[in-house]
Structures are given as structure tokens and as C-alpha cells.
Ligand code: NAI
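Presented as C-alpha cells, the chain that follows is alone, the form predicted on its own.
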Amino acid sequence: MAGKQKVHNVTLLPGDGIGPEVTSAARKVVAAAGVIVDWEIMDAGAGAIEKHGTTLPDETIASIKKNKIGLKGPITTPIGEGFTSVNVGLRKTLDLYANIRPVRSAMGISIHHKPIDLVIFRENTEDLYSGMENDIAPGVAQSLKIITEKASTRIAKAAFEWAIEKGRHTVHAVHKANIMKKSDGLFLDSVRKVAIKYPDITYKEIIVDNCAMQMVMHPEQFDVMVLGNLYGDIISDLAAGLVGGLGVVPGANIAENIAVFESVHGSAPDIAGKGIANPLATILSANMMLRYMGYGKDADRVQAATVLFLSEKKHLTPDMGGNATTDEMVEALIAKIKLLR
């Protein structure tokens, strides 16, 4: 097909630990899907400190701004050395305001009999993650929770627009406005104003602690969820635990015209270089990237191949109960992709 001949420039941040291994796997799957990518490999994370003196070099930011699309492997943030988190730095510098986490039981081993198919929209730029903390007295620390109408409205609109585009039916706003009446109250009020503009989408609200319980007991009731930064961080990891863990859940960080796709698990330095890292989360994140780039049919094929691959319960890495290497898992998945051409 003529459309397949276009070459896309994508910034690749291999990251630390198992990052180079799992991003290499993702590159192979993208190629198997038939999408041609010119990967611009840039430094970030602990491995960039010796060369650049920082975990997030200016050259890396410039590359993402130029290419508009990035794929990131897991990155280690040094502890106690004064370096800020690369994830936080990317979100703030590039205004990656929406963290999107699809969670599907078909992508893992669900602990529930009913299928789970939900998407979490987490606001990425403010809340308690603004980093505004102070020691206000001996033995007393203060952390400021910053909520703005602009950021709350923006993430709500992203969630509802996605629901319309993907044919979803319900959006839940998760909050604690019964206690934090000003901050969470503003978030909730902002989401409500957006919800009015989407009458075809059922809008519901749920208090975060009840949400956590409902996620464990009846996760199938959730479709699209919109949350602030802290609640989104916690609930998205809880949701991942219901379908097999962070090793099978992809993620994306979206700005107005820039997107960085990433797996959200750690860099696992204890198994780095052993060839047994599970690449599925990074592969599925790259597949989200393909959808973003307009290759929906190719992404559907990769997703179908992944479901087929997992259903056979073969060629799985040790974290999934198997004894396959990373390369063996990737080769088996690519065989399924080719089978579905």
C-alpha cells in the first residue's frame, strides 16, 4: 500500500535497566506491523547523567518537540542526588497534560470472571504532584494541592472526546469533594460543566475510596474514568493489578500536539541484560502510538495478535509464569502478527 511507504520520525528514549531491551522489542513489532519509523535515539535517565550532567538533556526535549512523537522506556530517577524525575520533567516541559491508560483483561490474566475494558484519563500537571512542599515548623511539613479550572476542564474534555470517538458510553469522575470541598470541588465542578456538552455520554461521579473498593469488586462497571493526578496514579495501578500487572498495561502522555508513549513499570535493574524482561507493556504502548499516528488497522492487527498470543499461554517470560526469553516472546508475537495479515 502506498500509505505504508511514509517514513515517520519518532524520538526513542531507551531508558535504563531493561529499557533498551523492551524498546528494542517494540521496534521489532512496529516494523512487523508494516509501519516505517526512523527512530531518533536520545539519552534520558540515570544513563544520561555522566554524558550530559542531567537526567533530561535539552537535546532530548528538542528532539521530541521536533518529531512530535516519542516512545520511552522505563527510566530510573536517582535517589538522593538532587535530580528530578524524568517523567515529571517531560510532563511539565512539554505540557503532557493527559495520561491515558487503557486496561483490558484480554491483555493479561484477569482475576475477575467478567471482562474488564476501561480507560483511565489522569490529569498530569498539577494536584499534589506540583511539588510545592515546605517545612513550616520543626516536625511539620506541608504539601500544597493545586487544582485549576483550566487543567480540570482540559482533562475532562479529553476524556469525553475520547469516549465519543471510541464509541464508549459512560464517564466516571473520581473525587473526594465531600472532604476537599475547594480543590476537589473545583475539579468536580469543571468536569460537570464539560459533561453537559456531551448528552450522549452517561456521566457519573464516585468518591475515590469507594471507587477503589468498586474497582476490586466490580471493575466491569467502569468504562472511561477521569481523575486528578494523585487519584489517577493510584487507581490506574490498582486497575493494572486486576489484569496481570504493569507488565501488560500500556500508557500515553498527550499534549495538544505532542505525544509520548511509555510503559509505566520500573527499570528492573536486577534483571537487566539477562534477556528475560517482559516487553508487552512497551509493545502495547508502541501500538497506542500507531493508532495515534493513524495506523488503526495495523494497531488492530497487533492487538488481535497479542490476544491470540496470550490465549495460548506459551512463550511467556518468567514474570508471567513461563520460561521464555524476551526475544522468544517477541518472535512468537510477530509470528501471530504475520499470521493475521
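Keep in mind that what you see is a predicted model, and the values were worked out from it rather than measured. We number the residues from 1 along the sequence you see.
Just so you know, the form predicted in complex with the named molecule exists too; it's not on screen, but the next bit is about it.
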Check: In terms of non-hydrogen atoms within 4.5 angstroms, which of the given stretches 113-121, 246-254, 135-143, 194-202 touches the named molecule in the predicted bound form?
Finding: 246-254
Notebook entry, point to check: Pick from 100, 147, 96, 268: which residue has any heavy atom within 4.5 angstroms of the named molecule in the predicted bound form?
Noted result: 268
Notebook entry, point to check: Ok, 172, 104, 175, 91: which has a heavy atom sitting within 4.5 Å of the named molecule in the predicted bound form?
Noted result: 91
Note to self: When the contact criterion is heavy atoms within 4.5 Å, does residue 74 count as touching the named molecule in the predicted bound form?
What the structure shows: yes
Notebook entry, point to check: Going by a heavy atom distance of 4.5 Å, is residue 277 a contact of the named molecule in the predicted bound form?
Noted result: yes
Item checked: Distance check, residue 327 to the named molecule in the predicted bound form, heavy atom within 4.5 Å -> no
Note to self: Can you tell me whether residue 264 touches the named molecule? I mean in the predicted bound form, with a 4.5 angstroms heavy atom cut-off.
What the structure shows: yes
Notebook entry, point to check: Taking the named molecule in the predicted bound form, which residues along 304-324 bring a heavy atom to within 4.5 Å of it?
Noted result: 319
